[in-house]
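Take a look at this single chain in structure tokens; it is the form predicted on its own.
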Amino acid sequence: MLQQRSIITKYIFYMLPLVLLAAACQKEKPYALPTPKDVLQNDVIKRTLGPNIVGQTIEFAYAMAILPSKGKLVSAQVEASIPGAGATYLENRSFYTGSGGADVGVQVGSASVNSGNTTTVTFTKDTMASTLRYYYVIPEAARGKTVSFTFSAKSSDGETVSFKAGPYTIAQMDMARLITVKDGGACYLSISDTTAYTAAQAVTNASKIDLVYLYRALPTVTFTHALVAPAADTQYLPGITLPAGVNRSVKMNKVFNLQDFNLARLQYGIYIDDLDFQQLNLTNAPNYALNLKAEAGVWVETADGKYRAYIYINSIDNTNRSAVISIKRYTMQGK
């Protein structure tokens, strides 16, 4: 045991100087400002999260800079692999964060011009550094495809620089928000149209009606706000006389704590995407959902299997026997 201790002591004696030397070598060096590059530079950040849905906007921040001694910015442009919808634009204001934490915009160029798949801003003020925001409105032509972007800038000394972003997948799904449904009013819901119809309108759209919204305050059962298929047992449609031809069924599954941000706009980080619809299994699910609450939701599959949807309950109103709903709808391939 003594011999072992002696060996350990000698080991510590010989290793200690090495440890101290290593610690000395790792001493932090004084901070020095980095030397700026003497060339035109750029960078891009994608600001939006979640699935990219047709009709919605993908937002980017495009930063570019050049040393004042080298020149100034002349123009900035973005080329999309698929032309954006008409409302696509590149900001002509450069943003910085004010003392209160809010974004402050300063105009540095003329209004952007769209030409084909390219959006351009020409600088009208002497500017050496700028961050412009690009808003790409997703067109129908991009549904189910991918889209890429090439950001580029030019400076007065003749330099050009570019940055490629993407590809980004565009969702197959559709979305409709803040649809008001009312018992005895616009209570006939079409998944294919993502629209609520009155009884009179339902007669001419009978083949599209998938659900009936109703509100019942019953003494023997908790019913309240409900979505029920026209083909459901009549006990789930108390007091309802269906318009002629309205007879479809669906499969439904009621869920809680699924506040999709696109629909709810209350919670961050929860998004329903195409894959969720593709993997959805409603085998043996009922064709009614009773006692719906605000911020709850319902998964739905139409009888023909063509559409799957998620219906989110934004709000309910017992007094007016109504609710506000939002829908994400997915068209199944081959249907």
Partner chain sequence: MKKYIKAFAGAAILVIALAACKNNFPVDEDGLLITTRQECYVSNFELLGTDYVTVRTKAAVIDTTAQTINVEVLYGTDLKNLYPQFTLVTDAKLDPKITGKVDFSDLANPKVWTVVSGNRQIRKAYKVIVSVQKK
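Positions refer to the first chain, counted from 1. This structure is a prediction, so every number in the text was calculated from the model and none was measured.
Same protein, other form: the form predicted in complex with its partner chain, not shown, and the subject of what follows.
- Annotated contact segment (heavy atom within 4.5 Å of its partner chain in the predicted bound form): 228 to 236, selected among 228 to 236, 200 to 208, 151 to 159, 136 to 144.
- Interface residue among V39, A61, L290, I270 relative to its partner chain in the predicted bound form, by the heavy atom within 4.5 Å criterion: L290.
- When its partner chain is considered in the predicted bound form, only one residue from V221, A87, L178, A111 comes within 4.5 Å through any heavy atom, namely V221.
- The closest non-hydrogen atom of N253 lies within 4.5 Å of its partner chain in the predicted bound form.
- The shortest heavy atom separation between G50 and its partner chain in the predicted bound form exceeds 4.5 Å.
- Using a 4.5 Å cutoff between non-hydrogen atoms, P286 counts as a contact of its partner chain in the predicted bound form.
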